[in-house]
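Form predicted alone, single chain, as structure tokens, below.
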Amino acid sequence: MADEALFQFLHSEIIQYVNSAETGESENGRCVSKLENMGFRVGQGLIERFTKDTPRFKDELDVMKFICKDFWTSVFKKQIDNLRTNHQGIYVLQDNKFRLLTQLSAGKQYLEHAPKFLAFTCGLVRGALSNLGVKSIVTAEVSVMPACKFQVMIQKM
């Protein structure tokens, strides 16, 4: 319980720090990019630790199942609520009560701030997949707080 509160506090402080360093309309994109790059590096490190005793994955679907069950549980203390795929390299991970958005009000007035709160997690997933040999693009969308969808597009090498 305490580690969850510390993680949420650290996450919000990182967002505030990066956001205060980058001010202005054009800097918002830089802020999101910085947060995503931070998450990428953290994701790389975490997945190394989590998979050191795990057998090799058969395919990218096994990798995505690992991300949704084990990785997500280790980081956010719950599994992804829904994983969907079109079997052509696009996966949608849905979390109906995303922990890093629960601190924001459920109203629509905070939807414009959601990308800052999701950028780190997008990087986290992309970094984890990268270290597992899966090159990807990860985007997030929020239509109703605190539910969000992460779309993972696998890049064929």
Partner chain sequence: MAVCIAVIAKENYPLYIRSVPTQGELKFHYTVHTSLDVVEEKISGVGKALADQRELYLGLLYPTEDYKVYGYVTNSKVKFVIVVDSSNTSLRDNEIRSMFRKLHNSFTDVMCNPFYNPGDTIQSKAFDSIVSTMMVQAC
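Worth saying up front: this structure is predicted, and the values here are computed from it rather than measured. Numbering follows the first chain given and starts at 1.
Not pictured, yet referred to below: the form predicted in complex with the partner chain.
Contact of residue 49 with the partner chain in the predicted bound form (heavy atom, 4.5 Å): Although the partner chain is absent here, residue 49 would touch it in the predicted bound form, with heavy atoms inside 4.5 Å.
is_contact(residue 31, the partner chain) in the predicted bound form, heavy atom dist at most 4.5 Å: Contact with the partner chain, no.
Residue 45: touches the partner chain in the predicted bound form, heavy atom cutoff 4.5 angstroms: Result yes; residue 45 sits at the interface with the partner chain in the predicted bound form.
Any non-hydrogen atom of residue 97 within 4.5 angstroms of the partner chain in the predicted bound form: Heavy-atom contact with the partner chain at 4.5 Å: absent for residue 97.
Partner-contacting position among 122, 68, 101, 132 - heavy atom within 4.5 Å of the partner chain in the predicted bound form: For this set of options, the contacting one is 132.
In the predicted bound form, residues of 34-65 near the partner chain [heavy atom within 4.5 Å]: In sequence order, 41, 44, 45, 48, 49, 51, 52, 53, 54, 55, 56, 57, 58, 62 come within 4.5 Å of the partner.
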